[in-house]
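Two forms of a single protein chain come next, each set out by itself as structure tokens; they are called structure 1 and structure 2.
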Structure 1
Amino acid sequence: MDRLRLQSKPPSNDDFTTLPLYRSAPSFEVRLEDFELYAIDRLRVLKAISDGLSRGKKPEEMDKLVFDLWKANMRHPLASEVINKDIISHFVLRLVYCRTEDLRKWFLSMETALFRYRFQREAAEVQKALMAELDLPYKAVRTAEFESIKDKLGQVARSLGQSLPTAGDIIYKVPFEEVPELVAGRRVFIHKGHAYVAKNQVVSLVATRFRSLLSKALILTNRKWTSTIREDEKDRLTPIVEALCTSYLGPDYSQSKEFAEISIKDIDQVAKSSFPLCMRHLFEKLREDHHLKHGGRMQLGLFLKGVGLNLDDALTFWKAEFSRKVGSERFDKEYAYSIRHNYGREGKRTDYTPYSCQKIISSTPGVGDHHGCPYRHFSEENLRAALFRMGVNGSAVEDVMEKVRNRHYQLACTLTFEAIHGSTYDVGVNHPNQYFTDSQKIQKAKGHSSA
């Protein structure tokens, strides 16, 4: 009973390269312990990638990180087993992370990131083979066409600080939809619907395709999971699968558990003592302007929900502020809906979860917006002033600024936490609600010891 036949499909062509595309499930037998151990090893890699990305590591740093992680966790005493371990662990985690939208999203991002860094280290021939296998039949543009757009390509290359393209360079012409990430960053020349992708950018094209295939596969896996696997495997795989994801992703802070509820009358006080800077800033702006734009309402509103503000209190709280600016009638008409929506009482009826640091750091606040991560989005001057108002002084400010300069925004927030609470905080800040909960714990402990 401790052996498991995963699926009997013919082996894919994946075998001839060391970087598999995971197009079909493996057809060999796996020991049940390996099933779990391999998955945990891969999860370590994915988790560390996630941490690296959320700390704003640069591409070169990420490349090294992924390479080291892979070597440390995914080796196997038998050389022949290395590729099997890779494939098995991927498919096990697919099962683990197919079950909700959030899990799928996380897994998709991390697997794509992993694939991307591994792809970049492959030799040109292997890269070519992988492209063909992913049905990316793009041909390099011909010399005549190249000459006609050479100036524009040069302009793009220079805008990115790269060397100019020469006639021998391979440039692929692809529909712009195939390379959304290059379009978003204005890293390609786009003309009449076609993006001109340089050879060193091909990874983006490949990763996008990899991602979309995996995304579709995860939906299918989810269907299979809910319709058959969960029930069929309820004594064997299901417990392993369910344990695997909860133990590693951490809590989502959608419901505040430890401090059952906060009430409106305490909110000013706890905002001062236990809100992280991003939330404190939004809170103060709301009190000051009696208004926040959409991004700010979402970031603060969901945070407050996680802190334990119930729907009725949330409505009262937001209304008290907004009605001073837009009148209570307009509040009821235009804003109350979205607050109920956050609590899952309107629209799709999803109970939305508070934003994590990663999400907040990667947000893009615009003119008139106050959301985002202050450590990332404030100017140095404004950040210093804000830290001062929080009670961070002297060398602690310089330590924070140092982290900010190195783009370690969560570490900067962690240092702020330590300075304010006068205690070390080794776990580090990953979520504003975690900051809040741990701050409250420390405050309560202090209250007890002094009483």
Structure 2
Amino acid sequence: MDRLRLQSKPPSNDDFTTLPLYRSAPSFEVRLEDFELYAIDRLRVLKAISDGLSRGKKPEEMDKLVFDLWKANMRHPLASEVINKDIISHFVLRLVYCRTEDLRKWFLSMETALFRYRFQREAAEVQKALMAELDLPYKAVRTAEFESIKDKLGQVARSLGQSLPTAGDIIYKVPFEEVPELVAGRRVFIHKGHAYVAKNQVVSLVATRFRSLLSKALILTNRKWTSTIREDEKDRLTPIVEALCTSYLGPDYSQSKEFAEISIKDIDQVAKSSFPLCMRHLFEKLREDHHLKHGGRMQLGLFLKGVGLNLDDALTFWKAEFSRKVGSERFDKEYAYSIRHNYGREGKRTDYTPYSCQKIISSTPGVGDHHGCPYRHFSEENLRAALFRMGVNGSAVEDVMEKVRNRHYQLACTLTFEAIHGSTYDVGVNHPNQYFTDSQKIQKAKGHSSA
């Protein structure tokens, strides 16, 4: 079994609290398989947190979401290995997300959010230990100082709908720049450059320090990655690391499992009712131009395969369109092979998988191309027009456009799904074939005819 030496003993429950601070990399062997699988499990948690925050979930909803995510994804058959999995997965993803400024920014935000929710669930003695480990130099204000500011603290508490502070409460006096979110939200009393932080607000102080330390660590990790690791591990770790940040983590859609095969006679109706915008745009362009460039053919062709268009019908469908532009003979010579190849009937006979949202979003279509993600690549005018044709109107369009402006393209697609189908879609869109499958479920539940 291939193993990695992460660099000296593995952590134990005696060495760490249940919430590690990830101050130094673990120093023990890890199976290469676990290296990737642990990272994927943690990535599921971080991506779901990102989705929940982007959708504007309330703090109490996020708290439950994070708890459930962690419980579902970060378990281990051996209780003694749970902490190891936590630490290993963090450092693997630190390596994955250190490589560009955008990747670092996302990872930093999501790991800090995860830390925040986990910290809030820790017992008071664990929180105190973590504060000590972070070397936070703040002490509780003395009784005399508390009495001098009690009225001001009470005003803040009343404005937040909280109980009034008493002399027995622990209040920390910290430089105001240490708790920017509390200051911005007017949730603390500020006096002479200091913020007075209640014990139940200390998570903000701890999270700020955690974020600062992690930010510096990511820069150092990037230097190590660039100078040595990438080249030294080019045949083993580097391919895994470079692929993880765009990994699709959902079900396999290489072939339709939910529904029977769709037929050519129904494909136009199904495209109108259940194709996501990226596939609907390609489908309409194919019908209009009777041709698509390679990127478009691959994106749409594999999607159609995944929704149940069998090989014979696929060949008939594509030939009927392309023959109007290039003729039957040229289609047979230049295009039929690639269609059979996608179905695993030519070449290596690999059963190719439909593209995920992440893969589609990361593609870069050129002039004359129609593949890629419309939410990312369309102009605002063209996107609004496309949404209108799909039946998205009014405030729903504005909600979609807001997500686009913030580069939350999958959430924009999710809101489109909700507007069209008149139902919430909390799982979010992660794959075009997922969009199709769940659309068809709703159509059937409503008694609409579909493929």
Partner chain sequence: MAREEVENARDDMIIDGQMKGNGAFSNDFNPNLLKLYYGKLFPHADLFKWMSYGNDGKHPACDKSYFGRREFSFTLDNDIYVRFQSFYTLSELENSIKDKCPFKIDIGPVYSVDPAKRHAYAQSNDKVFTPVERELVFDIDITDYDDIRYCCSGADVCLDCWPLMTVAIKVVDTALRDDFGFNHILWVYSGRRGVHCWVCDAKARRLNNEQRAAIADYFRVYQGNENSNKKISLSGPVLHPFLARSYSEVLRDFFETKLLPCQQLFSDEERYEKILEMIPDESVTSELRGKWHSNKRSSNLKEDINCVRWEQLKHSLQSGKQKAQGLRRCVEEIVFSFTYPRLDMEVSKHMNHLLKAPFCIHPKTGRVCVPIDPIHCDEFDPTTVPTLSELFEELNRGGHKIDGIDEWDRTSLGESIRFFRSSFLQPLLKSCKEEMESSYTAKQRLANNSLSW
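Being a predicted model, the structure only gives us computed values, none of them experimental. Numbers given to residues start at 1 and step along the sequence of structure 1. Throughout, rigid core stands for the largest set of C-alpha atoms superposing within 1.5 Å between the two forms.
Source of structure 1: the form predicted in complex with its partner chain. After superposing the rigid core, the C-alpha of K293 moves by 2 Å or more between the two structures. Core-superposed comparison between the two structures: the C-alpha position of F67 differs by less than 2 Å. Shown in the overlay between the two structures, fitted on the rigid core, is a CA shift at V45 smaller than 2 Å.
The two forms, fitted on their core, place the C-alpha of L415 5.5 Å apart, compared between the two structures.
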